[in-house]
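A single chain comes next, written as structure tokens; it is the form predicted on its own.
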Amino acid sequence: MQRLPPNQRLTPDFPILHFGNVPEFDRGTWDIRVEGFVKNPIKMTYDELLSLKKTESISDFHCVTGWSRFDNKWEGVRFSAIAELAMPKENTRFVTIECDGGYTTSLPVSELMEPDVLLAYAFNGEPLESAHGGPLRLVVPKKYAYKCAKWVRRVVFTEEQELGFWEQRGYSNTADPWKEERYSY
């Protein structure tokens, strides 16, 4: 497979794109919740999240606007480790990611269980900057970046898929860069 998806251009920069304002991060009050169709709902502070087994992953990043950036070093917790703690119920097929500022996206559980999917809190060896999604960002390398939600606060396991913020506005729900699934038609 070609590394650069069709009609993408390579950039050494890491452009900042998002809808709305960058939220403030208060380490003392921040938490993440893992809920929905799970046997073990979770509420974790930032420090509790950092105490989980850290994973480093190098992956490419593809924006629906047409740029790609290679070899991004992310550090965080594998999504599969969070799922293992929460223990999704048998009928669970999807996950909705809810973020500060009202942003959402949704993906099948099977895609989130890939070993390169992280809830990332560091980028290139430094804490993830707020403008790039810090303190916690979902990283799904096989999807366009709008599936890589910034400012993650809640993970909700569901039976049915819920369309996310951009998907409700005409973007593809599958978001595969190699198939150029940018928009739903």
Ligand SMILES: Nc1nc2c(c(=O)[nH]1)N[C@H]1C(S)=C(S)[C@@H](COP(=O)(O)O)O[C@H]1N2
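Throughout, we count residues from 1 along the sequence that is shown. The structure displayed is predicted, hence computed values, not measured ones.
Not pictured, yet referred to below: the form predicted in complex with the named molecule.
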Can you confirm whether Cys99, His132 and Tyr146, the three residues that make up this candidate site, all sit within 4.5 Å of the named molecule in the model of the complex, judged by heavy atoms?
yes
Please run the contact check for Ile16 against the named molecule in the model of the complex: heavy atoms, 4.5 angstroms, yes or no?
yes
Give a yes/no on whether Cys63 approaches the named molecule to within 4.5 Å in the model of the complex, heavy atoms considered.
yes
So in the model of the complex, does Trp30 come within 4.5 Å of the named molecule, heavy atom to heavy atom?
no
Looking at the partner-bound form in the model of the complex, is Trp151 within 4.5 Å of the named molecule by any heavy atom?
yes
Tell me the stretch among 52 to 60, 153 to 161, 31 to 39, 124 to 132 that has any heavy atom within 4.5 angstroms of the named molecule in the model of the complex.
124 to 132
